[in-house]
Structure formats: structure tokens, C-alpha cells
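First comes one chain, alone, set out as C-alpha cells in the form predicted alone.
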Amino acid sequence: MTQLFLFNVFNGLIIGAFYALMALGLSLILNLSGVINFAHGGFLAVGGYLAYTLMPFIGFWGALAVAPLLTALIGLLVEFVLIRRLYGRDPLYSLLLTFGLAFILEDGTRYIWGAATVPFDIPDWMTTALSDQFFFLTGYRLFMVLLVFAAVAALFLLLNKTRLGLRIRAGSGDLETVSALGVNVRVLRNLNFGLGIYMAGLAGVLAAGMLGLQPTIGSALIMPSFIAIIVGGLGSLPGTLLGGLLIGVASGVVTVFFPSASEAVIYVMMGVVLLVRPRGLLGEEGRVQ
């Protein structure tokens, strides 16, 4: 029973790390641009498939480094061609646009790479268990958790220690003032969107090695990622990280005792948080009205 409990908790931690990585990218875009990016899961799938295509040429490690960057470049192009035209308009327009874009990305990956799950090979030494007692603790699972936390730490350093990061944070609070101070808001939004999509691409490569790669891989992670933002609090990146980890671990723990409720528990958590603290656990006062 103890092994089963630890197995599900660790699985929940891994899934929660995916939720957090996805949700941080979503939150970056939402905080600065006000865009609810329903296509985020589609970009996750694109990142995984790009890595799958590159691996025969540059190997797993090369694909892990290059695929998220290529996904971010696609995100920059999408923002430049489509998203920026809707800034300042009713948020419903951008919501509908990204909702349609999500279907385009999903069907595009299905058309190019097929509907069936494709093999996503990771180094053999990473698939072996690190302990006979804790058979579920493989090198790849541990690597994923460490890399996610390293990526999150790098993101927070970028936002707090670089000029670009400081401008993103300031723009999330008052974009008009940042523009009045001479900052090119169009470029800032474009780079911020690309950074958010980079997080989705990285999550896609990591998720493909664990969950398998198929066109719908992103759609299974997108709604919990939105819930992570709501639970953690709109406008708070630390809250988003906390929300993702909490719902992932909660889902893993509930699986031990009530497997059929493993997905429902995250919606219950969201409802309870909204009743007790409508702005989320670490959300900013006045962000939700």
C-alpha cells in the first residue's frame, strides 16, 4: 500500500510539473496581453513532434534543446500575423481565434505525422529504475522533475534580473505606462508570447517521452493548466506554479483511494478555492472583477 501511495504521489508530482510548466506559459501571455490562449496545448504537441522529427539527426539531447526554440519561433510568427491584430478588442475575439487555432494545430499534426501514437525514444539508461524497491523512480522521471524546476527557476530569474523580464512584469501591471516610457509594446508582447510558447514546447518534448506522442496530447493537459492558474491566482506566477503542483499531487493521492475521481478532484479544488478565496491562493487583489 505504501509503494502504491508513493507511486501515485510521484506520478501526481510529475503531472503537476507539466501542468505548472504549461500554466506558467499561459499565465505569461494572459498577464501581459490579456489573451486566453486555447492553442497552448496545440503548441505543446508541435514541440513534441518537432523533437520527434529532429531526433534521428541530432539525437534526444539536441532535439530537447532545439525543438522548444523552434516552437517559440512559430509562436512569434503566430503572434505577429494573427494575435496582435486583436489587441485592444473584446477578449472574446482572441479566445475564439486561439480556440480555432487549437483545432488547426491538432489537425495539422494529425495530417503530417498521422493519428496513431508514434514512438518517442529516450536514452536507454534513463528508462531503468533507480531502485528495486521504488521501481517507478526512473532516471527519466527524475530528470523531468529536475528540468522542470530548473526551467521555472530560469524563468523567474529572467523576469526578476533582466531588462526584458522587468519590462514584462511592469507591462503586466500597467502596459499603458510602460508604453508611455518609450518601451516598444508590440515587440514586448511578441517576445513575451514567444517565451510562453517556449514553455509549452519544452513541456511537449518532456511529456512525449512519458505519455507517448499523439495529436491530442496537448488537449489532455490544457484544461488542468487553466485550473492551475485559477487555483494559484490570476496574475501570480508563483501561485500558478503552486496551483499546478497542488492539483497534480491531489489527483495522484485521490487515485489511490478513489481512482474514478482522479480527474474530478481538480475541479472540486477549483470550486472550493473560488468559494473561499475568489482571487486564488496567491492572486492579486482586483485582478478578477
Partner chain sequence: MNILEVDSLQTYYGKSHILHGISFHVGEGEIVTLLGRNGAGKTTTLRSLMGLTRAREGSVRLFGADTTAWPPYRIAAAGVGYVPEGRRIFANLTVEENLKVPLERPGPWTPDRVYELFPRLRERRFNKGRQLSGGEQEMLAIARSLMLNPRFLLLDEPSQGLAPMIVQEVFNVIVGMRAQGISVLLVEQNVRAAVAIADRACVLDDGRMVFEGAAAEFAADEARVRALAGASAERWEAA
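In this text the structure is predicted, and so the values were computed from the model without any measurement. Positions refer to the first chain, counted from 1.
Here the subject shifts to the form predicted together with the partner chain, a form of this protein not shown in this document.
Residues within 4.5 angstroms of the partner chain in the predicted complex, judged by any non-hydrogen atom, belong to 161-169 and to none of the other stretches in 108-116, 88-96, 161-169, 204-212. Taking non-hydrogen atoms only, residue 74 never approaches the partner chain to within 4.5 angstroms in the predicted complex. Looking at residue 128, you'd find every heavy atom of it more than 4.5 angstroms from the partner chain in the predicted complex. Contact annotation: residue 174 falls within 4.5 Å of the partner chain in the predicted complex, judged by heavy atom distances. In the predicted complex, residue 219 stays away from the partner chain, with no heavy atom inside 4.5 Å. In summary, among the residues 81, 146, 154, 180, the only one with a non-hydrogen atom within 4.5 Å of the partner chain in the predicted complex is 180. Interface residues of 38-69, taken as those with a heavy atom within 4.5 Å of the partner chain in the predicted complex (partner not displayed), are absent.
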